[in-house]
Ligand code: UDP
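First, one chain by itself: the form predicted alone, in structure tokens.
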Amino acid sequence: MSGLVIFGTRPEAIKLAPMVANIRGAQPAIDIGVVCTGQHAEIMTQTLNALDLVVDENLNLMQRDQTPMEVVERTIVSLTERYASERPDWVLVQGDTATAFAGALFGYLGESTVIHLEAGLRTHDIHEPWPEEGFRQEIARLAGLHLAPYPCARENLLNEGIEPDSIQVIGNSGLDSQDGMLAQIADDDTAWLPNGDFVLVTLHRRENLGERLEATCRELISTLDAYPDLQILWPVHPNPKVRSTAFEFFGDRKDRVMLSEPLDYPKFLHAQRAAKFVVSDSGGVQEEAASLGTRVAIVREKTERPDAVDLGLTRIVGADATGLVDAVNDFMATPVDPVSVAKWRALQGNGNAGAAAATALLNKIEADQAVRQRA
């Protein structure tokens, strides 16, 4: 039974790496190919090296100012040209990116079993986040095995009519990578961080560009005004629209704002752990920072990770960050509850999600093989 793992962005690599390592270490060995589309080419190489994730082929499809439609089109064409004749028995994708959607569609049309890691996350609004919510809902229609990170994700899938037997709750494999990486980081490697209390900022969502991002920058300035001893560390996303806005608002505030290139994965984890709190529109950061005991102000209208909100580790402040100052006041005044952090980590599988996901995939392969033999 042969399989193809398809991904394109750093968050996908982080969550796929533990699962791929367990599949590659399975006995008997599984014929598996790992393909990267290069959707986030600028920040991918350092992540792959840090994760020890070996890629068999990089399609290098990245283009400047690309749209989701263009990524989907180029990915399907490239995968079809290279792998359609091989007819992989299964295709594994992660999350909700254009690459994941294109990979799932390629697998479905090629009559491969589509396996979806991080299945079932929902905001129930296809415009928030866009286009990710639409992508993950569509992947659910195509998948034959749904690897859900949390019980609430399983409930979402059941409510959409997905067969219960095709859903496995395995936890968040990103926590596996996170714990493994943090074990390699020296705790005293802090010289590159701001000296004193700082807030870590990460902003990149397409639906938040323009007026929303500008409004968020103004709220960040209000936060600095309210807390004179607080600084900002902002590793700026490669998107030109993000970069131009960040430097427009903060380029002349170097005394309190550090605008940097994207951090490599180990340093980014270290920054999350060291930050007073995080301001972000990222999905993965909501999981990572909360697992490290750092709260997150979510610059979005909705989140697909409500459990962290319920535990008080994250808080939605709006896509224009109108609730940021109130959230910061709470974050600064109230210590993080370690019990909530422990509950959040337990909900994510406590570092065993990669093995659980690989086991579920291997069981699915065996079941499919038995069906084919009987036929």
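Start at 1 with the first residue shown and count on from there. As the structure is a computational prediction, the values presented were derived from the model and not from experiment.
Not on display, but discussed next: the form predicted together with the ligand.
Novice: Do Gln272 and the ligand come within 4.5 Å of each other in the predicted complex, heavy atoms counted?
Specialist: Gln272 belongs to the contact set for the ligand.
Novice: Examine Glu73 and determine whether its closest non-hydrogen atom to the ligand in the predicted complex is within 4.5 angstroms.
Specialist: Glu73 lies outside the contact set for the ligand.
Novice: With a 4.5 Å heavy atom cut-off, would you call Arg212 a contact of the ligand in the predicted complex?
Specialist: It does not: once the ligand is placed as it appears in the predicted complex, Arg212 has no heavy atom within 4.5 Å of it.
Novice: Is Gly171 one of the residues lying within 4.5 Å of the ligand in the predicted complex, judged by heavy atom distances?
Specialist: Because no heavy atom of Gly171 falls inside 4.5 Å of the ligand in the predicted complex, the answer is no.
Novice: So which of 139 to 147, 190 to 198, 222 to 230, 260 to 268 is the stretch with heavy atoms within 4.5 Å of the ligand in the predicted complex?
Specialist: Heavy-atom contact with the partner occurs in 260 to 268.
Novice: Which residue among His204, Arg243, Arg122, Arg253 has a heavy atom within 4.5 angstroms of the ligand in the predicted complex?
Specialist: It is His204 that has a heavy atom within 4.5 Å of the partner.
Novice: Looking at Pro235, Gly134, Gly110, Gly293 here, can you tell me which has any non-hydrogen atom within 4.5 angstroms of the ligand in the predicted complex?
Specialist: Checked against the cut-off, the match is Pro235.
Novice: Just to make sure I understand: among 279 to 313, which residues lie within 4.5 Å of the ligand in the predicted complex, judging by heavy atoms?
Specialist: In sequence order, Ser282, Gly283, Gly284, Val285, Glu288 come within 4.5 Å of the partner.
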